[in-house]
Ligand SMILES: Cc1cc2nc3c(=O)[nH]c(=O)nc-3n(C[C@H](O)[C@H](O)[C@H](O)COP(=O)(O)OP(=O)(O)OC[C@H]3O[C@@H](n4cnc5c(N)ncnc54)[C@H](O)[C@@H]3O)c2cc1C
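First, one chain by itself in structure tokens, the form predicted alone.
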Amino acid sequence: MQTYDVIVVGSGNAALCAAIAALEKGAKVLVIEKAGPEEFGGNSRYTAGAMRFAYEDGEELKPFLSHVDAEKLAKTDFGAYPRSKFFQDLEGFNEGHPLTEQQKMLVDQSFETVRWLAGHNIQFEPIYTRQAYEKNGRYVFWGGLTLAIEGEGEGMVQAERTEVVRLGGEIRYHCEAEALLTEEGKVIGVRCKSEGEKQEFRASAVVLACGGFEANAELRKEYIGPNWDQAKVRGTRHNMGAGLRMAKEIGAATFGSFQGCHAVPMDLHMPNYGNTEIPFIERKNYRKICYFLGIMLNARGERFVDEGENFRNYTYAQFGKAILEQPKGFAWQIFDKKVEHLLYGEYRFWDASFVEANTSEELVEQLDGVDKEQALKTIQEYNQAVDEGIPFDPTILDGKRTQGLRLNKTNWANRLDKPPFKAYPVCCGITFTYGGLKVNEKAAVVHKNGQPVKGLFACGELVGGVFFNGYPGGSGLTSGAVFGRQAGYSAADFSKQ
């Protein structure tokens, strides 16, 4: 039987941050992953690598940037994203709940955690293509999100895995955790199925970092709602809720919003779990999150959300749910030529589904599954309601809106009047779940009796109480890193006791 100081279950951003932190403290660390090396990295590998964190001035970001165009950087306005704004953004999704200790920890440790990652050979770059618009000769960032790890999600987990190995960590693939080993109320290891055989690995501490239950259709139905078995899984197929189950089996307390989840508009024809035939770094291209530049219609031919309610950073993780709630669970996103150059690259992805026409009438005829008469009426009424007296400005909440509609668009409302017109069919793609385990300030899992479970820590999607009814974009990876770092430090310290 092999013995370690710390065992980390999972191989995504949170897991690898936990391993790096524990190794930094001198612990002997084993990372175990259910998938093979071709699928390592969990949900993190499917992301764009963006990380939201608090900062007071753009100058604070420059030390994190390894490869930078100095001339472009001199014309860049990063703005500021103070802790107070980060707190405000989170609180806006809390449905009246006060900020949790977990949310406070996320914000308070966000900047230091990004700096810590940069100190571990993780390289960052400004998100010019998605978070900045050129205005008066300068690149203006918007929505509080500025930096991503180089290479997006793929680059992130590759770089973190390289750091784990460099520091002396061991990684085992095809090693599925099945149960926690306990002795007198203390976690002492993990029972696994490794290469088809039962094995036990002993450790002084275990960090659970193996994701939520978003890939488990039955648990989605049980916790989120009856229609949620129909959602497509945007990320890994391996997040079946095993960490949650194993912890609950030994009495761990749950916490947070089990009805909540991160769910985005995705290409209607996306295969479940994305297209496994293409690289991970391309699978993000099934997202379709530029709805704020146009309108969305459901099967009744009606708009059903205010597409310009806020910057898409604050709405995209909720609008997947809104689509799922529509008749037949799909919608069409419609744009005209005026905004085509602003659409993200996934709208030009080789596998993107869309229809195109030179008139609204011709476009509507191609919208499968839609009440065509009502759809045309909706487009015409929308065009008539647009306030043309306000200039369009995607760098701010510009107030360019419609007037007099049952559901107005409150920002970035342009008439759909310049052909060709394009429409993209979308559905709901679930990314991760919000409900999870209760952890304390040390990222130790809390028992139902209110005391920490000795030797057990958690991070990543498994931490409940971080997100409730929504999610400001980029917070998920930051949360994984913040709680991963803390879990790794705490597990290493516990192992020394």
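These numbers were taken from a predicted model, which means no experiment stands behind them. Quick note: we count residues from 1 along the sequence shown, nothing fancier.
Below: the form predicted together with the ligand, not depicted.
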Self-check item: Contact residue in the predicted complex, chosen from V355, V107, C175, L343 - any heavy atom within 4.5 Å of the ligand
Solution: C175
Quiz item: Which listed residue (T113, Q333, N239, Q131) meets the criterion of a heavy atom within 4.5 Å of the ligand in the predicted complex?
Solution: N239
Quiz item: Could you tell me if R303 has a non-hydrogen atom within 4.5 Å of the ligand in the predicted complex?
Solution: no
Exercise. Would you please decide whether L456 lies within 4.5 angstroms of the ligand in the predicted complex, comparing each non-hydrogen atom pair?
Key: no
Practice problem: Report whether the minimum heavy atom distance between A444 and the ligand in the predicted complex is within 4.5 Å. | Solution: no
Quiz item: Might A15 be said to contact the ligand in the predicted complex, defining contact as any heavy atom within 4.5 Å?
Solution: yes
Quiz prompt | Interface stretch in the predicted complex with the ligand - options 448-456, 64-72, 435-443, 49-57, non-hydrogen atom within 4.5 Å | solution = 49-57
Quiz item: All three of I32, S44 and A209 touching the ligand in the predicted complex at 4.5 Å, heavy atom to heavy atom?
Solution: yes
